[in-house]
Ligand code: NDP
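This document starts with one chain, in the form predicted on its own, laid out as structure tokens.
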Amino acid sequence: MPENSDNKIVFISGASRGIGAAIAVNLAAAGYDIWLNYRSSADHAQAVKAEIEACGRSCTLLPFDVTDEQAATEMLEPLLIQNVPFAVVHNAGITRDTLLPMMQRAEWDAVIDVHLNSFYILGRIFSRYMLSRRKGRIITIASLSGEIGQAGQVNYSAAKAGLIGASKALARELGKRNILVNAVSPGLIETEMITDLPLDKMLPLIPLGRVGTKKEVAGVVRFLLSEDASYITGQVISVNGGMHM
């Protein structure tokens, strides 16, 4: 069971698939109830909910677009009046990879919107309620691309680097109220996002010689919500097998 709060609720954005779903199930196994956000993958969300409930925890499905401030507010405010989650995990993300000379404005805007503008929307809503409780955790899921840059991902790298900077700034703002803000930065992780990558050329660049698992990322998130992480804020925890040090 969670050691650090009588309120065992975690909100996770973009949690119907991939890393977000793994985080949701991992935290449910640790004793947290989940507010699970997704945009359109209703079947996947229901499947994750079933896994969470099999762990003996509750799962509230919250279908809304994280880039839509009105939809987010209308969905979350009635819940927050009743109960404030102990933690928020901002995981929602997309890619629209192409070289910058060929990148369309819509591809730039979509990636910035989903990763970074949604951080403003969700962070503003949740932090207002967390402040009155004087405790909480906020975790953003960044990326190796945001730490070192990646060709063909100028939009994605910019968005993830922006998340890292925003997380550090917010950690300074909220630290005095015992609200800890950190970023988890995965490298190559076994998800749909790496399906088309030339892994034969990339694996030699990783000292551990393999891609990571979703469970390994989820485990870091789980640690950051624990009492053992109560003196960690404003940090970027990289989960990349040593690809970037």
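So that there is no doubt, residue numbering starts at 1 and follows the sequence shown. Quick caveat, the model's predicted, so the values are computed rather than measured.
Below: the form predicted in complex with the ligand, not depicted.
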### Query
Even though the ligand is not shown here, does it sit in the predicted bound form so that I19, N37 and V66 each have a heavy atom within 4.5 Å?
yes
### Query
Which of A47, V220, I206, M193 has a heavy atom within 4.5 Å of the ligand in the predicted bound form?
M193
## Note on the structure
Which of 92-100, 70-78, 129-137, 170-178 lies within 4.5 Å of the ligand in the predicted bound form, heavy atoms considered? The stretch 92-100
### Message
Even though the partner isn't displayed, in the predicted bound form is V88 close enough to the ligand, meaning a heavy atom within 4.5 Å?
### Response
no
### Task
May I ask you to state whether F119 is within 4.5 Å of the ligand in the predicted bound form, using heavy atom distances?
no
### Task
Report whether the minimum heavy atom distance between A30 and the ligand in the predicted bound form is within 4.5 Å.
no
### Message
So, T213 and the ligand: in the predicted bound form, are they within 4.5 Å at any heavy atom pair?
### Response
no
### Query
Taking heavy atoms and a 4.5 Å limit, what residues of 195-210 are near the ligand in the predicted bound form?
none
